[in-house]
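In structure tokens, one chain follows: the form predicted on its own.
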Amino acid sequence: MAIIDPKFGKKLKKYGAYEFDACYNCGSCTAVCSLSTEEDSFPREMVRFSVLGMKDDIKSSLKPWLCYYCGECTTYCPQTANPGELMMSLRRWLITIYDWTGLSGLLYKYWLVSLFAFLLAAAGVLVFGYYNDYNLESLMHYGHLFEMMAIAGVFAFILLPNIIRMWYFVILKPGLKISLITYIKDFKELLIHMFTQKRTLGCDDSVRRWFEHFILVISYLTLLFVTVFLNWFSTQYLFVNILGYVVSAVIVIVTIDFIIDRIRKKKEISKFSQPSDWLFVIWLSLMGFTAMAVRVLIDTGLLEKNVWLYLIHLIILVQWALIIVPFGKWTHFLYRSFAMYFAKLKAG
């Protein structure tokens, strides 16, 4: 028997949803959605679950993650119930459900908490710099060490447990029996969607969106590899330096294009941006820009006299690694990929 929470709709509005309860179940959104089938009323089912407060059904569903927010459902909704933004809000809410720390919910719902977290991270870096006498060699050494520790720590203690919680809600709790062989055989589905973002191509007018997401993911992962594993700021290898410059530039260009879209608000996906959406693209852009600027000063021999620039880069890096990656919109990249994998497992 489904448990209904009559206050769920009000709670969901804190994650960006609004007016979704104006839906009168006409089915226009389902008629235009490319994900809708005879078996799946998409996204209307999620709208009804949200209006009725059927949280357990939403927790066990992958549908919010299968949606890439093309905006067609919102465009053709006669009641302006914004089903596309509801799906986005459900994804934010699900992130807080998966997150065992509870911090995602605080950061999504209260912008002052986000502000405090960002200021605390910045203060921590500045204090660290002060106690190291702003020595560039020391700062860069510990900065590189932080990158390696942050990747391992955030994944092991936050993201991995959260993925396991997602698996529990979607696979284990509903009582699905899936063999180990199936998990292994379908694992390629996770890698395909993680690295290609090909599901975006299922939306109308999606080639540009897919290409931007694709090169952004590849560039971000490449920059991560170059800076962390190849130690871009310390290496003298020409190929590594050029590669670092190229992927940093791509990240800046693509994220600026995303920012412009959000400012113009001409597309449905860009009309209702929440603070977490802005933080994601702005901080990723700053990551690419400051990394490139630091490397330019290294190559010109000017970084020693401009330690402040490396401190700014380190502040942005710490905020990104400790706030946005484990608790912000970055996790969409991870959960979407696993959602495609779990959907394949469920389909048998």
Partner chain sequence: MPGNIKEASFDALVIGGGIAGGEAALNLANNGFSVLLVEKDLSIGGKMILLSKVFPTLDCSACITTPKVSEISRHPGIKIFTRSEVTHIVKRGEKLFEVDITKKPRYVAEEDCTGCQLCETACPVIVPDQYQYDLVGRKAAFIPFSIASPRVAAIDIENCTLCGACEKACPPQCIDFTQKEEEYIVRVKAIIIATGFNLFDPLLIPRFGFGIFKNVITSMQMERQLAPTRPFNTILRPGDGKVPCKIAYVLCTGSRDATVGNPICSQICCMYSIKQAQLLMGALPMADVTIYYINIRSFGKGFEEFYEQAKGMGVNFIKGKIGKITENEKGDLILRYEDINENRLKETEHDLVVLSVGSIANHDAAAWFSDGELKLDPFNFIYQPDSLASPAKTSLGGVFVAGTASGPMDIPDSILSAGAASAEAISYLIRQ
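Numbering follows the first chain given and starts at 1. Please read these numbers as outputs of a predicted model, since none were measured by experiment.
Not pictured, yet referred to below: the form predicted in complex with the partner chain.
K.L.:
Heavy atom within 4.5 Å of the partner chain in the predicted bound form: which of Pro161, Pro174, Pro78, Pro275 fits that? Just give me the one.
P.N.:
It is Pro78 that has a heavy atom within 4.5 Å of the partner.
K.L.:
Taking 4.5 Å between heavy atoms as the contact cutoff, choose which of Cys33, Cys67, Val294, Leu317 touches the partner chain in the predicted bound form.
P.N.:
None of the other options qualify; the answer is Cys33.
K.L.:
I need the one stretch from 308-316, 294-302, 275-283, 23-31 whose residues put non-hydrogen atoms within 4.5 angstroms of the partner chain in the predicted bound form.
P.N.:
One stretch meets the cut-off, namely 23-31.
K.L.:
Would Lys55 count as a contact of the partner chain in the predicted bound form, using a 4.5 angstroms cut-off between non-hydrogen atoms?
P.N.:
Heavy-atom contact with the partner chain at 4.5 Å: absent for Lys55.
K.L.:
Is Arg44 near the partner chain? Define near as a heavy atom within 4.5 Å, in the predicted bound form.
P.N.:
Looking in the predicted bound form, residue contacts with the partner chain include Arg44, since a heavy atom lies within 4.5 Å.
K.L.:
Using a 4.5 Å cut-off on heavy atoms, what residues in 272-303 are near the partner chain in the predicted bound form?
P.N.:
Nothing in this stretch is in contact.
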